[in-house]
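Just one chain follows, in the form predicted alone, and it is written as structure tokens.
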Amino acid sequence: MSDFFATIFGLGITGTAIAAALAEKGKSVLLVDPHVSENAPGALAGLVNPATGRHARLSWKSEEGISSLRNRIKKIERVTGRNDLISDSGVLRPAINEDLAQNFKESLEKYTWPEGWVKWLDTKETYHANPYVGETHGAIWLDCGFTVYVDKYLNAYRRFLRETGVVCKYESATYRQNSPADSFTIEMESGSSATCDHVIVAAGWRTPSFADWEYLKLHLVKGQIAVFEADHDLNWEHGVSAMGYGLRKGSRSIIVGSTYEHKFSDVNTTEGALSQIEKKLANMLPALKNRSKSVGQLAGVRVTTPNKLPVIGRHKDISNLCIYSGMGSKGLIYSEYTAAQLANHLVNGAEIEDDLSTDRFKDL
């Protein structure tokens, strides 16, 4: 009998989510990641916004995803005593030009939005909601949207997992398939080892570096954000999304992003990206253009797939080797819902949706 049902490589948004989902099904879980801890720095904030892109498309499975995420946050808060993980203050999507206004209005008619999620604001109402946006052609207001302080959230999540029985190791490790091929041995950097029935690679942007998953040809996209400090206290809490996004943090800070860099040679911040982000701020919130300054900049990498949805499931040749990746820019919305689906597959044999399965890569 193995020491663990599953070993998960990665303690980010995906790794924590699948660990919690398996633990809630009574399964023993080992989590390994040398790059994080329960006090690690990380992404400052993320936007939960189901109205995506220039056309405000309703995100895939957003109702299930947001509900699952909210339930998880409540559980983490209850166990850890934290109340600073999110700002549940909505999202404003101002139409900064006529084309966006037309797209947004069409979205409200095209999609079946859950009751109470979204409404249209005229120009006056938009200015009342946030006078910093300047002249607009109206806006979409998303009462369902909110800001997650990702660094705090993930650190609290890791503590939550540890306190609810998941074993967390903040060190490097490797896996080796045993013979017969029904289990794995995990060799820790510290010299200890363990056995498990399943290995799940959920290592974020490092996932493609695992040789067993090269055949999926996952795509990496670099993104940069900047933090701006206003010269006065700001009087709104909601997130703003208009050809970029702005998230509030503290009385004067706003986090602005993001770039989408499909070709890059390193993960460092650049002056060129800062210039792009400054333009995003000026377009979204023109009243802050000359009343704020850049005080910080961060860069990160996300993983995307051809259909822009996560990939979960088993390796084509190694049945107990699994993956959870490809979250793109919607990791917060997708994470808990898709983790529950993967856990149900591994524990109960439930089918994985075709849109998410590793099988969809066979013909690429």
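Residue numbers here begin at 1 and follow the sequence given. Everything numeric in this text was worked out from a predicted model, so none of it was measured.
This protein has a second form, the form predicted in complex with a small molecule, left out of what is shown; the following refers to that one.
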Verify the flagged residues Gly46, Gln224 and Met327 against the small molecule in the predicted bound form: is each one within 4.5 Å by a non-hydrogen atom?
-> yes
Of the candidate stretches 76-84, 100-108, 186-194, 204-212, the one with residues having heavy atoms within 4.5 Å of the small molecule in the predicted bound form is 204-212
Answer for Leu356 alone: is it within 4.5 Å of the small molecule in the predicted bound form, judged on heavy atom distances?
-> no
Determine whether any heavy atom of Gly331 comes within 4.5 Å of a heavy atom of the small molecule in the predicted bound form, and answer yes or no.
-> yes
Is Val32 a contact residue for the small molecule in the predicted bound form, using a 4.5 Å heavy atom cut-off?
-> yes
Look up in the predicted bound form whether Ser258 has a non-hydrogen atom within 4.5 angstroms of the small molecule, and give yes or no.
-> yes
Which one of Val36, Val311, Cys322, Ala51 is close to the small molecule in the predicted bound form, taking close to mean a heavy atom within 4.5 Å?
-> Val36
